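In structure tokens, one chain follows: the form predicted alone.
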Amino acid sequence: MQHILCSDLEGVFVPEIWINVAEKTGVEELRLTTRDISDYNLLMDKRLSVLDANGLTLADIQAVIKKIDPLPGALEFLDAIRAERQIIIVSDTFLEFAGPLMEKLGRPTLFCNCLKVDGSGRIIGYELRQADGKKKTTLALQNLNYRVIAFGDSYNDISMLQTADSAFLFRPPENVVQEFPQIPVAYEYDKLMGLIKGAVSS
């Protein structure tokens, strides 16, 4: 069986988008991420309410995203993976956010969601590609006779990690480590690469 990798995006290859938006706009409520709140729909509903209350539009967020660079070493790590096998980034971000980030990462394959935006640029909702898309992506690849190696950092990655044939947490917050002690943890790309190579050879 061939191996294929599935990875989260934010916190793994690029900084957290919403934390950057919070820092640039001064709206501290936008700092909450899937590292803090496990219910993604609850988190997104809160974000949209905060955006609306502060008059922030899609263009405001995109302006912040254009200035975000990959994490140090991320592109080199991603290139090293792509030199040997396939990787799919499976993210809860949105197509309307991801363009500049994908460009800086060399256009990896991305599965993500979409936003609903009105004529004034106000974000009025979102559409999940499918419910529990990370887990279902993993299952679909396994049904195609792949062995899936997955890694991520947050609550919203856990169903993917628990379904994959091999799984790792990368730079997770301590609360996630404590709740899921059975999942091996790496904090540096070279350690993560070692875990991946070990999974491939096992």
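This structure is a prediction, so every number in the text was calculated from the model and none was measured. So that the term is clear: the rigid core is the largest set of C-alpha atoms that superpose within 1.5 Å between two forms. Residue positions are given as counts along the sequence shown, with the first one as 1.
There is another form of this protein, the form predicted in complex with another copy of the chain, and it is not shown here; the text below is about that form.
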| property | result |
| --- | --- |
| Stretch in contact, per heavy atom within 4.5 angstroms of another copy of the chain in the predicted complex, of 64-72, 141-149, 160-168, 38-46 | 141-149 |
| Exercise: C114 in contact with another copy of the chain in the predicted complex, heavy atom 4.5 Å | yes |
| Residue contact check: R129 to another copy of the chain in the predicted complex, 4.5 Å heavy atom | yes |
| Another copy of the chain contact in the predicted complex: P108, any heavy atom under 4.5 Å | yes |
| Distance check, T34 to another copy of the chain in the predicted complex, heavy atom within 4.5 Å | no |
| Neighbours of another copy of the chain in the predicted complex among 83-101 [non-hydrogen atom within 4.5 angstroms] | A83, E84, Q86, I87, I88, L95 |
| Flag for Q142, CA shift 2 Å or larger between the shown form and the other one after aligning core | no |
| Rigid core superposition, F97 Cα moves 2 angstroms or more between the shown form and the other one | no |
| Q162 C-alpha shift between the shown form and the other one of 2 Å or more, rigid core reference | no |
